[in-house]
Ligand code: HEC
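Below you'll find only one chain, the form predicted alone, shown as structure tokens.
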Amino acid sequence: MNRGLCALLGSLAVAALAAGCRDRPRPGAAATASPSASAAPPPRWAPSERDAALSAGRAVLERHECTRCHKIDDLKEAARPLACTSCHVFLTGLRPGDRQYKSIADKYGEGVMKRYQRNIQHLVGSPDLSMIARRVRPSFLASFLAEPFDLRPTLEESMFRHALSPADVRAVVRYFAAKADAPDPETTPDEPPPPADPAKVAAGKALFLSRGCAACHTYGNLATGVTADALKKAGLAAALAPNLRFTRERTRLDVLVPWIVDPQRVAPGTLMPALGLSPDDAGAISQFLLHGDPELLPAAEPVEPAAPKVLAEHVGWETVKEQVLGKVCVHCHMNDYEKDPGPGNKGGLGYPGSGLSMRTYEALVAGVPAEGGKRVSVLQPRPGEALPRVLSAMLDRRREEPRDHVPAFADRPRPHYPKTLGMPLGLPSMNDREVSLVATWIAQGCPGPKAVTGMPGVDDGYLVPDGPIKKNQGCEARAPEAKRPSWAVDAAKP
């Protein structure tokens, strides 16, 4: 999910050239303030209508837990156990010698601290959505929320396929429009872009290529002299930098040129510095961003993922837990008694939850609720299905990726999402070895742990106790024993 910046800003001063071309990273970012003006224009929204739109949208944003990842105006941020991004930023920012690093290492062992930091690769920065409609068209927000796609080619994680209904999307878009006093998308059609001026498009392209913009940004597949590998090494600034080929449908025309000339007047606190460009140069750049050729590749044909390969090696629970399930999957599928049981277990992010927990072997083999109150295994194929659900979900994620993750300089028209929802949600798919480890472990009969692990008394996180159970082999669903194992968190309970 990679989850410094200031040193880059001097050399990358022109890295963001369109409204919203680099949304500010969430950690520590200040909310966007109103642009200064000698005479403020009259508000677009009547007070009563604005209040109604803000109330309805805020309710949806809170219900879908959008602040797990994003800073949004004055909405209360999620507490750290529930906040994906801020939790990762907190952990990766700790260094030996820091008071909090020492406190965690002394309590749980430095190996645990190092494991967390080693495994955190994603969700270490996410766009600040405060006043987003001041620079982004509400119509774009509506289309993006209706079917999210990869907007930032250097960022491996993506906006996940959420559970917003059409009514929810409408409420969220009108919230952002009302908050920023942007035109109401339901009553005001988008202003069409100005006609293309070929001379200005060419001049703007030359400015885009010569002023360092490509150090963080792509424009479709336009050759910029910067490689995809260099963009990855540029860090968080480049990771959050959008593909500027979407400027035409994404950026408000009334803000585009002012943003290029003086971004701080549009969004005080933004990472984009004033470039010292004249209005004429800014106009040329906007002409290129609106009318340039992104040089897209042809649309790709769907590719069916290969069946998981069973490895010629023994794979035990310890390996599957450390390298796959306990590294990624537990973030959404924690055990019932943890501080955040997870959206994939008890529900969250707008989803009702599947009742699947994965922190311990006992919890995983308990399966998920099905009709009639029984539980069924996710480690065995169900009638009419070729693969166990845990494997088919991993392959479904690969089917989503042509839309959900488009690497830099491999841009092409986005296909529609497949019908089924893949896992892990919003993250890169499991690689071949990770899928094969799970497939091999299942093929070998889902053997359980050989020893007790974790730390006694811990009821949240990686050190939750795990250990052998009475029937410690088998992929079928089986309920936890009424007599609790001695290692279990609830062993002392009646």
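A quick note: this is a predicted structure, and the numbers were derived from the prediction, not measured. Heads up: residue numbers just count along the shown sequence, starting at 1.
Below, we turn to the form predicted together with this ligand, even though it does not appear here.
You can rule out all but one of 186-194, 307-315, 94-102, 209-217: in the model of the complex, only 209-217 has residues with a heavy atom within 4.5 Å of this ligand. Only one of 44, 50, 58, 64 comes within 4.5 Å of this ligand in the model of the complex through a heavy atom, and that residue is 64. Scanning 170, 327, 291, 399 against this ligand in the model of the complex with a 4.5 Å heavy atom cut-off leaves one residue, 327. Using a 4.5 Å cutoff between non-hydrogen atoms, residue 283 does not count as a contact of this ligand in the model of the complex. Proximity of residue 160 to this ligand in the model of the complex falls within the 4.5 Å heavy atom cutoff. Remark: residue 54 does not count among the residues lining this ligand in the model of the complex, judged by a heavy atom distance of 4.5 Å or less. Interface membership of residue 323, defined by any non-hydrogen atom within 4.5 Å of this ligand in the model of the complex, is ruled out. Along 146-161, these residues reach a heavy atom to within 4.5 Å of this ligand in the model of the complex: 149, 150, 151, 152, 155, 157, 158, 159, 160.
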